[in-house]
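Just so you know, structure 1 and structure 2 below are the same protein chain in two forms, each on its own as structure tokens.
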Structure 1
Amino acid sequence: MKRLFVLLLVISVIMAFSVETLVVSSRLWTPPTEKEFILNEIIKPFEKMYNVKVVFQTMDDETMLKQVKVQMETGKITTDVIIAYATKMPEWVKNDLVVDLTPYVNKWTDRHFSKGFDSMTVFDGKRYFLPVGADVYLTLINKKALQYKPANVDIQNLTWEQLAEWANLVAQGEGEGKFAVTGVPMKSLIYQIGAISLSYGGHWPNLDNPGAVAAWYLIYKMKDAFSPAVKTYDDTRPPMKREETWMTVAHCARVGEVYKSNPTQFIIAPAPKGPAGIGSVAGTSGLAIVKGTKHFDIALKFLEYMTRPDIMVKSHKGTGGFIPPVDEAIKYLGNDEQDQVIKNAIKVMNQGVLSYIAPIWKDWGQVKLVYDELFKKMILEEGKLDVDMLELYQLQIDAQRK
């Protein structure tokens, strides 16, 4: 009897100290600095608030999807919450892998998700994903470039023609180009050129339309403005931080990180505009709960916590300057460096000519490679605008349609 009493006591002690564990897999916040901030400043308070343990793991969209499919097929579901990119969301819904959150979210009266992302996160009137971490492109200028700025150029209201002229003057004055794009294949070049194409009315990512040709003509005119080391850049942050390059148009959170590193040396602005307006590729990631999770209640609490307007602003400011896609978040913005990044990004989102990666591609990486190869061959090597080459590469893009 005494042994039984001791055993029951041990069990009760273990249960008293056992902590429920929530497994969250995310394609967002993969850079080490971003992940560290989310773990320490956002997730730890949640763990303390609800006395739970959160295992936060980052991985690419395809790996995350395959992993959960296997868990579903084997009946061993260990992932509770996922954060997926907009382009992948239809596959999650189509394969019946995530929970319809509509009846739960409708009770949250203190937040309204930005309508601009409904086309990506709501399917057949049902909200499966809660948008988080939206992004657009912004302009970043090192003040060293100001000595070459053409007269009457308003940095906060730049046109692509003005930026190209300015970048060329910098190159002439310094003896080498100081404009940064990602020249390493499979990075963000397609989005940087996409911003130009959209501002000229192009049907991005297609190449066989007047807007796209106008964009490539502008890039051709900037052929001497790119940094000599541009083919080694897989990210524009390091050369901008090293001040090896002075100008770029890049992802808002990456721009925010550079700006935060030395706000007295940099100027941020919306992406430049063209005849059609401010062009930018936009996107968002989304939170969802995996069907069959054994931890549904705490998973729902996690989603409710992560999408609180004040938490959205805190997490998005701390990770560089993503756009919080909750309308009520704006009132939590102030006037510090990261607030300025987010305000500029919101301006692009609200006023810009936007496009996003539609879920129509067999292999988006192959589409990205078309832009990488065109830039390398046509601009950096041959230094010309070749419309026939654009039409030829369009065939490769067409071949990737589902």
Structure 2
Amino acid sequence: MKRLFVLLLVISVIMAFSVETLVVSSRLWTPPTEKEFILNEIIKPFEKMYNVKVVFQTMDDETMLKQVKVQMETGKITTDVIIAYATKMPEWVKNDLVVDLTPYVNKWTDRHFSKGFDSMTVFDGKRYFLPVGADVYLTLINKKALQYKPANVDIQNLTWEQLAEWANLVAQGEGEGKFAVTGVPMKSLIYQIGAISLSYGGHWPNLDNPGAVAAWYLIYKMKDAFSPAVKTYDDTRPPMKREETWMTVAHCARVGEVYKSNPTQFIIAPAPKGPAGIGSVAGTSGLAIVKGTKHFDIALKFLEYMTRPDIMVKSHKGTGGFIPPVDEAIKYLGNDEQDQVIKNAIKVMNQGVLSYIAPIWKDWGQVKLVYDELFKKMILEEGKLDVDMLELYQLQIDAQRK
């Protein structure tokens, strides 16, 4: 009996070690609910299909990059696949940390990666990253704000002027602003103002062109519409969920999360329009294989699986509202709430005036800070539109160009 037990133990240990393990580090799907969905609904079937074990870890871009750099330096590569954000991709390629996937991807005929993301994922004609989850900006309105909605306003075709007037009416009626933007430095205010700027025909992230000035004028007109606690927001989800704020224009997956938390209380719509159209900053996360991995074949199978149109739609429906950046994925969309978020995002992606974070900045964090400082100083503290100040801050942006 004892011998049998020992034998069984040995067999189970051998079996456990005989299963190939793939380590995937991702900056995408970090919220626990999203991670749970990806683990159970997306990764488990893959593990069964190929009889492998996938260790799926979530971490921020910087930590992921540092970890892989150390692995390269010490020659002990343990991370096989990474999912990085577009702004970090050039660094991965520059440091020669990821594999050129062009020869493999060219053989996949059932999917076409949206051309819009080529400028971020393809370097010198070589495809290092496969775009997996794209993002744009959407409008989110709590139905409580409807009591102040001017009669002529169609939420699905909202203009920035209308939204500003509506937000000001809410602020006047409620005695305090109910519009949410992120007010904590280094967060996403640059993208929110960027969306307005693009819709007014402005270059982004520039400050001294007529479109950008028009955008800042709109922000100035909305100066009383922002929530009094706006400086404390590093994310618009919590104030929207606790109904401290009623309106925001924010990242599609975050908007999707709030909307799905109570679809009877919220309305989603594409980002508002301006004279130039629906403006939005877009970005994407991308899958790549770490150079020197011992599990290249299974890593490639993982990439192939994750970018299948049906799997892409399934993962994005279950995790918020990212856009599947594969053209064939759209036909898998239905009509439920998750689909509505994605459909609205696709509308912005297809019809919008989009801009991306170009890989021309020395330190993107410093560029982001310029917008934060301007908003704080010019709008929240001084409450005025100062074109001279815009021109002055443009010098700071220029200083960050490579």
Partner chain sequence: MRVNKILKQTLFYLVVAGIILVILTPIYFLVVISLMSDQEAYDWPTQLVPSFFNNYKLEIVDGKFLISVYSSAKKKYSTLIKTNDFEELQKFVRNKTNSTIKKGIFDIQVKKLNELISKNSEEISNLRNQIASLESKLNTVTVNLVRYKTQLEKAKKANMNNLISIINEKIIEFENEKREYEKQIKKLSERLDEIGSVKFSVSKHLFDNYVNFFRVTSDALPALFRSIQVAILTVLISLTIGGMAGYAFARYNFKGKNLLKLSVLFVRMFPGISIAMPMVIILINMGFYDKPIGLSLVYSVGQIGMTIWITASIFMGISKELEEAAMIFGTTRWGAFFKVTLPLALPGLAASAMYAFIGSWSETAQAIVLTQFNPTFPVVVYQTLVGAKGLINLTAAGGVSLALPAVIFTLIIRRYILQMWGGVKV
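Superpose the two forms; the largest set of C-alphas matching within 1.5 Å is the rigid core. All values reported here derive from a predicted model rather than from experimental measurement. Numbers given to residues start at 1 and step along the sequence of structure 1.
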* Asked: Quick one, which of these two is the form predicted on its own?
  -> 1
* After a core superposition, would you say residue 170 shifts its C-alpha by at least 2 Å between structure 1 and structure 2? -> no
* Asked: Honestly, after the rigid core fit, is residue 94 moving at least 2 Å at Cα between structure 1 and structure 2?
  -> yes
* Answer yes if the CA of residue 122 moves 2 Å or more between structure 1 and structure 2 after aligning the rigid core, and no otherwise. => yes
